[in-house]
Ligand SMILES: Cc1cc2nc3c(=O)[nH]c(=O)nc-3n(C[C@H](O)[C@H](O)[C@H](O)COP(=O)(O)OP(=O)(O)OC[C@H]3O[C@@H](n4cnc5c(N)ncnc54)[C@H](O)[C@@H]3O)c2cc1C
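Next up: just one chain, as C-alpha cells, the form predicted alone.
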C-alpha cells in the first residue's frame, strides 16, 4: 500500500524525540505499534481494557477447542506486512484452501460469484431478469448519488443487487443501503463487475484476480489470535510493559501536546506520545476543550455491535466452508463460521464442531438487549431451518458481545470524519490508528500496517500519512505473497 507524505492533508511529523509512549489497545494495530516501537528501542507501555490480547482478532478457548471471534483471514500482498507477520509466526502456520459460499433461499452460491452457477441456481426466470437488468444498466446507467445502493446497481444491475448485496448489507449495518456510503462498496468490491466475473470464469473457472477474494490464505496454528499473543510476549521480552484489564479513561494534554493518560481507576502516568486504538468517538469525549463543531461531527459517527453465538454441534462433517454468508431476508443471522474447516490445531481431538453465528445490532436494538438463552435459541432455530445442521444436535451455546466493531459508513460520514481528523491532527503526540481509532473498516493487514507506520513516525520521524491507509485499496508497494515456503 503506497503510503507517503504527499498529496493529502493530515501529514504530521513527530514533535521530536522518542520519549515515553503509551499504546492504548492490544488489537492488531496496537500490538503491532507497541512491538515495532520496542524493537526500535523506545520505552513503551501497552494498555488493554480486557484480559486478553488480539481485540476483534483474538482467539478464545471454548469447550476444549480454540475459536476466533468470527472468520479472520489474514492476507496481504505487501512485502513489509508479510515480512512482519512471518517474523512473528515463523513456520507455525498452514495454507488454507478457502471455500466461502452464500446461502440464499435454501441454495448455496459460490463466493466470489460464478455467474453460470449463480444463474443456474436462481432458475431460468430469475436468471433472465438478472441478465436483463444488467443489460439495462449498460444501456441506461443508474445516476450515482454517493450511496452504496446506486453504486452496486450501476455495477451489477438491480436484481443481482437485491439478491446478493442488499439484505446482507442491511443486516450488517442496520440502515437502508440508500443511506450507506458508496465508500463501503469502493473498499470491499472495487474492481468487480458482472462482465469481469464472466471473463474470469471463462478463463479459469473462478475469479481469482481481486485481493479480497483470494482462494488461499496463511493461518496460524492455534488461531489468528496467536499472532498478537506472540507480539505481546516479544514486547515484554524487550522490556516493554503490557498492562491487561486496565482501561484508559482519557488522554491528558498540556498546551496542545500529549502529557499522559488516566486509567479508569484514576491512575495517571506521563507520556510524550499516545497511540490510541480506542474508538475515535470515545477518545474525543475524553479530550479537553473540543470545539463544538468537532463534538457535533463526532456525534454523527456510529459503530455497530456484534453478537456471536457459538454453538457446539454433535457432528464433525457438517459442511466444508470456512464461513458462509446468509442472505435470506427471513433470517437475522448474517454470517456463519465453521471452525472445523480451518486447521486441526483448533479442534484438537474433539469430534464436535463449533459454529459461530453472527448477528449485528445497535445498543438500543432489542436483539442487543436479548439474554444469552434467547440468542442461543434463536441461532439454533435459524440454523435448523437452513438444513445445514443435517439433523445433528446442538449440545450447548455461548455468547460473546462485542461493542463498536464496525465503523458505520453512513452517507456524509467522510465530511464529519474529516472535521474530527483535523482536530486530532492538531494535538502533538496523539496518534489514532486501527479500525476503531481511525474509523476505518480495516482488515488485519491494514491495521498491522498502521501500527508499523506509526512506529516509524514516532521513532524515526518518518512523516507517514496514517489516514491514507485503506483509502486506495488496490495500490501496494513491493508485492510478495506468503506461501507454504514463506515469502514468495
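Residue numbers count along the first chain shown, from 1. The structure displayed is predicted, hence computed values, not measured ones.
In what follows, reference is made to the form predicted together with the named molecule, a form of this protein that is not presented.
Student: Answer yes or no: in the model of the complex, does the named molecule come within 4.5 Å of a heavy atom in every one of 134, 159 and 410?
Tutor: Spot residues vs the named molecule: no contact at all.
Student: Look up in the model of the complex whether residue 225 has a non-hydrogen atom within 4.5 angstroms of the named molecule, and give yes or no.
Tutor: Because no heavy atom of residue 225 falls inside 4.5 Å of the named molecule in the model of the complex, the answer is no.
Student: Any chance residue 73 has a heavy atom within 4.5 Å of the named molecule in the model of the complex?
Tutor: Taking the distances in the model of the complex, the answer for residue 73 is yes, it comes within 4.5 Å of the named molecule.
Student: Under a 4.5 Å heavy atom criterion, is residue 335 part of the interface with the named molecule in the model of the complex?
Tutor: Although the named molecule is absent here, residue 335 would touch it in the model of the complex, with heavy atoms inside 4.5 Å.
Student: So, in the model of the complex, is residue 24 in contact with the named molecule at a 4.5 angstroms heavy atom limit?
Tutor: Residue 24: contacts the named molecule in the model of the complex.
Student: Looking at 457 to 465, 438 to 446, 418 to 426, 35 to 43, which stretch has residues with any non-hydrogen atom within 4.5 Å of the named molecule in the model of the complex?
Tutor: Among the candidates, contact is made by 438 to 446.
Student: Looking at 122, 177, 346, 405, which has any heavy atom no more than 4.5 Å from the named molecule in the model of the complex?
Tutor: None of the others qualify; the residue that does is 405.
Student: Hey, which residues along 270 to 296 are within 4.5 angstroms of the named molecule in the model of the complex, non-hydrogen atoms only?
Tutor: Going through 270 to 296 in order - heavy atoms within 4.5 Å of the named molecule in the model of the complex - the hits are 277, 278, 279.
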